[in-house]
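First, one chain by itself in structure tokens, the form predicted alone.
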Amino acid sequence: MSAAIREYVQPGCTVFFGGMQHGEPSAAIHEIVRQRIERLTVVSALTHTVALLLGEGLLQKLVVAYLFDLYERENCLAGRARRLGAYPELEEMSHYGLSLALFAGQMGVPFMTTRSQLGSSYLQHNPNLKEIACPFTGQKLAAVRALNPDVGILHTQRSDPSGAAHRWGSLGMDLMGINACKTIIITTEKIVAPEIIRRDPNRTVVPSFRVAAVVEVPWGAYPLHLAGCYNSDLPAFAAMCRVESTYQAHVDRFIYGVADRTAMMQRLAEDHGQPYLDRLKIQQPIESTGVINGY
């Protein structure tokens, strides 16, 4: 993980994080914090651990539809960013608008059109939303400018060594988001043989030729849940973000105080007991299996 982040996530770049309250690449976000990579523009939708980048003053801009950590009466992170002189510029649109921007990026076209943004004040505040006329009907439409982030990071249940990755459960904007990115990092619970990926191709969210790096990292989405692997510990994360002294103690112990995700999970087990993690882990996961005779 440290090598992948060091090579592909540079200060000042634009990063898309997958996960929309499910399976976000938390271990990768921890590593970005650990390496203190600054001036980032982040594109995300309901990716909770982006809060750590906000709290550590590493963000220059947020392209978002919603991020709960910006509500300063509910947690300490936005206020902390202000005190660090690193409160990010905000570019806001609806979740649907953001998905269209990423879909346009995936398709390689300059924009997508919609009517939904016209009923809001987004066009008054976001320069990447424009009112246009349909060339066929003259109908009033909103044009949503394409987004092509420099780097995309997606956490998956499994991947083969080349980066062909399976992901299931709620996908949110993961498909269009990761495929709109110029460089892709896949983090995964388990690296598996290529034939396991080939036997269930409809779950392959990104083709291997697009992937720059693959990192095997069990518990890589914690504290978020990952379908078929473990349940969420999000209430504990949200509670930690409310008070700055608690937040500071957490990042010192579980991010700066460890080398990687394995060491972090060991420390969690030391602090809370292994049964704490065992209760989160899905004990009898049901995964896809190949069809009869491989057909």
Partner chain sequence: MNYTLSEQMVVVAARLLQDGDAVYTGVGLPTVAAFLAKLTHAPNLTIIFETGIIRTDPCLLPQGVDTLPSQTLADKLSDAFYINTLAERGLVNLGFVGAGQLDRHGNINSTCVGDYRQPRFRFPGGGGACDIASLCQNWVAILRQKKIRFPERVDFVTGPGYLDGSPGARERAGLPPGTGPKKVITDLGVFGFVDGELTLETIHARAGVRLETVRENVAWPLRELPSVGETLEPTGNEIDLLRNRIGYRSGSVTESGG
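Positions refer to the first chain, counted from 1. What you see is a predicted model, and the numbers here were worked out from it, not measured in a lab.
There is another form of the same protein, the form predicted in complex with the partner chain; it is not shown, and what comes next is about it.
For the options M173, A180, A164, A81, the one in contact with the partner chain in the predicted bound form, meaning a heavy atom within 4.5 Å, is M173.
For the candidate set R198, H95, K130, K190, a heavy atom within 4.5 Å of the partner chain in the predicted bound form is found for exactly one residue, namely H95. Shown alone here, H225 lies within 4.5 Å of the partner chain in the predicted bound form, counting heavy atoms only. The partner chain is not drawn, but in the predicted bound form it has no heavy atom within 4.5 Å of Y256. Using a 4.5 angstroms threshold between heavy atoms, F111 stays clear of the partner chain in the predicted bound form. Remark: N148 does not count among the residues lining the partner chain in the predicted bound form, judged by a heavy atom distance of 4.5 Å or less. Using a 4.5 angstroms heavy atom cutoff to the partner chain in the predicted bound form, all of L46, R115 and S121 count as contacting. Contact with the partner chain in the predicted bound form, judged as any non-hydrogen atom within 4.5 angstroms, is confined among 204-212, 100-108, 181-189, 148-156 to 100-108. Taking the partner chain as it sits in the predicted bound form, the stretch 15-42 comes within 4.5 angstroms of it through a non-hydrogen atom at M20, Q21, H22.
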